Ligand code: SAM
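One chain comes next, on its own, written as structure tokens: the form predicted on its own.
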Amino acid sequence: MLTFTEFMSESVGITFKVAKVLCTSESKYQKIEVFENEAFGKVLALDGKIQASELDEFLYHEMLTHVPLAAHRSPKSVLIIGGGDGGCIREALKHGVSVKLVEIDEEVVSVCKENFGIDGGALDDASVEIVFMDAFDFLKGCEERFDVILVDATDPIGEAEKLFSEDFYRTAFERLNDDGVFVTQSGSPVHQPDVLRKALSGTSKFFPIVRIYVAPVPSYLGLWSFVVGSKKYEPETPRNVSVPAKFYDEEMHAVAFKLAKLVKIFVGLD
């Protein structure tokens, strides 16, 4: 029996029975795998780390995207860092915004379009611009300003480590408009508390308003955390917006922040 195991920490992991291998590719940056599991459907993994599954990707992508976009009062431009599977693009386009995706690995986008397909055609949408380069280098040389920046990064290992640095958070702050909103995934509060602490600490050095919220993602072993930084708006208070979503709505927006109390218990935050 073929299986796939990811260890979230040194002592805890998750194992999938592989029903069928759809793709195994080695880019210049990472190993890309797509396989099928009877319970989770198609599963995408990068360097042995689960990125998304057909069963529950909407939980992660809806909450990462709609929370900051609803917190902003009039978003028009969105920068997505990472997110080569297209899930965040799919959700962001529901707000009628222009989207720029900066993805370091062109192979990820190619593999996902051919073998994963959760973007629903968003990766080919005419209003989406895709730039293939290091996101940190892009931000450093960028003269554009954005209303919302979403960081759909992998774990802070290798190329992604710089996306959790203070220099990165400072640069992201500078690339936002005066009422801009920033959000980054910040790992499992139970199994990766150091990732959350690092994201929270870095964001708090530059943004006047910083909050934590969570979403349940079964393929990520339970709760997943997000850190949102805002220059002007209170992220817990969404504007009156209605988007077609399976999970996200105004009620879930509020609950996501209330559950941060549980996160603080796990991570040991005040």
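Everything numeric here is computed off the predicted structure, so don't read it as measured data. Quick note: we count residues from 1 along the sequence shown, nothing fancier.
Only in words, not in the display: the form predicted together with S-adenosylmethionine (SAM), which the text now covers.
Contact with S-adenosylmethionine (SAM) in the predicted bound form, judged by any heavy atom within 4.5 Å, is made by just one of Ala71, Leu176, Val128, Ala153: Ala153. Proximity to S-adenosylmethionine (SAM) in the predicted bound form, taken as a non-hydrogen atom within 4.5 angstroms, holds for one residue of Leu200, Val99, Leu163, Leu139, which is Leu163. Within 4.5 Å of S-adenosylmethionine (SAM) in the predicted bound form, a heavy atom is found for every one of Val108, Asp134 and Gln185. In the predicted bound form, Val67 stays away from S-adenosylmethionine (SAM), with no heavy atom inside 4.5 Å.
The closest heavy atom approach of Ser225 to S-adenosylmethionine (SAM) in the predicted bound form falls outside 4.5 Å. Shown alone here, Gly180 lies farther than 4.5 Å from S-adenosylmethionine (SAM) in the predicted bound form, counting heavy atoms only. Asp85 belongs to the set of residues with a heavy atom inside 4.5 Å of S-adenosylmethionine (SAM) in the predicted bound form. Partner contact region in the predicted bound form: 47 to 55, out of 47 to 55, 200 to 208, 234 to 242, 34 to 42, criterion any non-hydrogen atom within 4.5 Å of S-adenosylmethionine (SAM).
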